[in-house]
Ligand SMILES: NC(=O)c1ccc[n+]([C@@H]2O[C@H](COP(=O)([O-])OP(=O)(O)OC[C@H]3O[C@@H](n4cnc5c(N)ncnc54)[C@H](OP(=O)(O)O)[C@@H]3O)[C@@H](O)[C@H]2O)c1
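As structure tokens, one chain now follows by itself in the form predicted alone.
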């Protein structure tokens, strides 16, 4: 996806993957900066750790409490910080600038794939890890009416609920499944990893909440394309979408930050579908 976008923009760059242990993340960021990388993406479990490892946080990273994109910048002769792409020769002073593109990717995908504006809906969110926290805060900020957070460790869900009550008091927030058999949701959003591996249990306790009580289900997992949760939701007559759209939009925003250009979204979407699903 990224290399397709880079090629379409005519940039002499290459996007590569590297596995980094959490205890070596700080060294890895410093190394990429020293080698004058344009920028990097971070995935789990690095997004929360990087908050304390970058030199400056964009408002997006501060607001959502996670870093998934880093832009490396240099200081010019006037003392201004600019992206390294703007320098012909390597500047002496460098810094790392952390961003979060996941939050906007979630709402863009919900809008595009489910036709959901995320304003006034009732949402049941599964998972309170890094992805769940960002999703919960973004949904609260955009104006959902009611948000229920379910997590195996209730204290993590409670921490997010407390933050939402403080920052977004208009949102009705609760930990656990909705009370009452007649309670309906507009969206069930899976932010857990259950469904990645064959034989995984459903992330949803269907004894506590029936899929017949929601109109749409979104699973952040994109491979397999249809998780057991999405298969069950489809059988129940729900609208369904996987996390491919979120992956596309957060990645496109990252490339926009690095390049300073409008990115070729259709080219990136086609490359992503080909790479993940072979079509």
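What you see is a predicted model; the values in this text were computed from it and never measured. Numbering follows the first chain given and starts at 1.
Separately, the form predicted together with this ligand exists; it is not shown, and the next lines address it.
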{"query": "Contact segment among 165 to 173, 111 to 119, 127 to 135, 140 to 148, judged by heavy atoms lying within 4.5 Å of this ligand in the model of the complex", "finding": "127 to 135"}
{"query": "All of 156, 194 and 243 with a heavy atom within 4.5 Å of this ligand in the model of the complex", "finding": "yes"}
{"query": "Residue among 51, 32, 225, 247 with a heavy atom within 4.5 Å of this ligand in the model of the complex", "finding": "247"}
{"query": "Proximity to this ligand in the model of the complex, single hit among 233, 252, 220, 66 (heavy atom within 4.5 Å)", "finding": "220"}
{"query": "Contact test in the model of the complex: residue 152 vs this ligand, heavy atoms, 4.5 Å", "finding": "yes"}
{"query": "Distance check, residue 56 to this ligand in the model of the complex, heavy atom within 4.5 Å", "finding": "no"}
{"query": "In the model of the complex, residues of 24 to 63 near this ligand [heavy atom within 4.5 Å]", "finding": "44"}
